[in-house]
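Taking the form predicted alone, here's one chain by itself in structure tokens.
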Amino acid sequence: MPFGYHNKILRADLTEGKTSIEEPGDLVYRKYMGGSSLALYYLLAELPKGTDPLSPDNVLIFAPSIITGTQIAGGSRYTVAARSPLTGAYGEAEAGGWWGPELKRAGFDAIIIKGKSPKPVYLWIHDGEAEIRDASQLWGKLTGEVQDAIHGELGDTKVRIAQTGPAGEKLVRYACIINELRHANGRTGMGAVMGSKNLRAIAVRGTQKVPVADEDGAKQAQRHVRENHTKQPGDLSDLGTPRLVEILNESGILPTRNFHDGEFDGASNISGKKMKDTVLAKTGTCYACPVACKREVAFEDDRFKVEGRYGGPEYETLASLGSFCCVDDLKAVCAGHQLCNEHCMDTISTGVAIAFAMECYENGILTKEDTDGIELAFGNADAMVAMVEKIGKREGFGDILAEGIQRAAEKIGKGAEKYAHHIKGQEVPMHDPRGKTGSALSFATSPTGADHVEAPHDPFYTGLNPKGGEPLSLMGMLEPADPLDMSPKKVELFYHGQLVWSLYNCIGMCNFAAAPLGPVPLRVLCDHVAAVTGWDTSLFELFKVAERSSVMARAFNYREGFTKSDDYLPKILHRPLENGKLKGHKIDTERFQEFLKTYYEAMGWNPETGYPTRGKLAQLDLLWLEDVV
């Protein structure tokens, strides 16, 4: 009997309107475990090279992991993956909440979706069974309306629903997938892939227990958290990720005015403390997690009505719709956040697209005639909210921004490209690499395009202790490095940190719940995997899974025509910051190229091509890639 998984993967062929169940066998689970690794295994094996991301031939995969649904803080996350319609590269996004554990309780370890339904549908999955249901009555509705309708149709408000929204239906290239109206698989346009298949939602309900080999041993992780995790004023439980607004602003690296500035005069007005003192209704959490970092905001005035069930803006949203657009109106940012969740749009790409347009407007490239009469100037909160809605509906100028800033800049022309800050076609997130160089490596080399969760950020590396005892000392991370350092020492630290973050994406762990940021140490996590599965496993094996995932993602992109020339930073990051504590700092172009070369060598990738060597493929049991790449 397998433990930690059911050995059942659901396949849905939407063109044929049929579902089936595959039993992949123990070796697949041991080698790939779940999440991004399992998704990549199937994508590389089954997705034809060069597939149009918005065609029926794209393969959309939902993948929890071997520990999803067990009692461990932060273990609720799952991966959604496909070829990205935003970048054409590997597309992946993670989300927490309750949907992933519910899928496991329903008896399935993953879902593989192919084809396109001739009409709108939703999947209904419950206790080992699955059916494709008509969703014609749901098409065009906002996410809250769809959730209410499915709950009513199924007669059960405990059904967990992951869905795309009107933005996904209209193929906004950075449309996301939302579960429970507030937990987002945010980046790379997975909601557009879902919409292109006429699949509006996946509803799941399960009463089965995830099989565990050692019940008492599996409970040790939660006992450790209860005994060692204390909540403090200003921490994630108190202020959530919005606490980062003032921290990064004081450090001079709060992205502001489309990456020109690192300090925002209105930062305190969109901070975690401001949210707590004004619009915060209550805090929330994910399955089995005591960290409770989620925000829920609610208010109604003569401008906006914001409902608590859509959650509340995280740091990335406060920065992208706030400081990045020079907007210090917290209520407007909350309204923009709700619109993104109602329509299903990545808040990072949405905010970056609007800031890009604002800079074009202020430089005369765009006029009111282009922007539907909206004065799209930095600092105009009402204009920001109006444009969020236009993007979600693909109305007027919003239709251009819905294509992502790379395509939008090409369409606008007149030199707009110099204001479009993206990597591999994906908008840069709300962290400035000019103040933390590890993030520069993260952004440039991420297979999904600019991504802020590839590795722990540089401030963590400043506190390392040569005597050990730090959260990642088991990785040999003992010597500190300055956030501005670009030496081989930083490459070493980034390499190990990236392995940790990759592991978390493979086994569905939240970065805020596990080391180095959260209360679950690596040793406890490894023991939990062993207790759940019954495997005599080790951290060595877990990190092999993590590296295997990273190499498969690199191979996917290589197959689709991406090369080391796509590992770059936008030009603005090679220019000096214009204000703040780090005014004048920039990423030196030549030093960054040397930085990249050292990273390739550390990874076992050919520094001339940026592709993993045959020896690295052999080391990771990935020589089968030679037949599919």
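The first residue of the shown sequence is 1; numbering continues from there. None of the values given here were measured: they were computed from a predicted structure.
Although not depicted, the form predicted together with a further copy of the same chain is the subject of the following passage.
Listed residues I400, I150, L499, L123 were compared with a further copy of the same chain in the predicted bound form; L499 is the one with a heavy atom within 4.5 Å. This chain is drawn without a further copy of the same chain; in the predicted bound form, the residue among W139, W535, F299, F512 with a heavy atom within 4.5 Å of it is W535. Note on the interface: of 489-497, 354-362, 421-429, 402-410, the segment with non-hydrogen atoms within 4.5 angstroms of a further copy of the same chain in the predicted bound form is 489-497. Using a 4.5 angstroms threshold between heavy atoms, A45 stays clear of a further copy of the same chain in the predicted bound form. a further copy of the same chain in the predicted bound form is approached by Q619, whose closest heavy atom lies within 4.5 angstroms of it.
A residue is said to contact a partner when one of its heavy atoms sits within 4.5 Å of a partner heavy atom; T19 fails this definition for a further copy of the same chain in the predicted bound form, lying far away. Although the partner is absent here, D566 lies well away from a further copy of the same chain in the predicted bound form, with no heavy atom inside 4.5 Å. The three residues E479, E594 and E601 all sit with a heavy atom within 4.5 Å of a further copy of the same chain in the predicted bound form.
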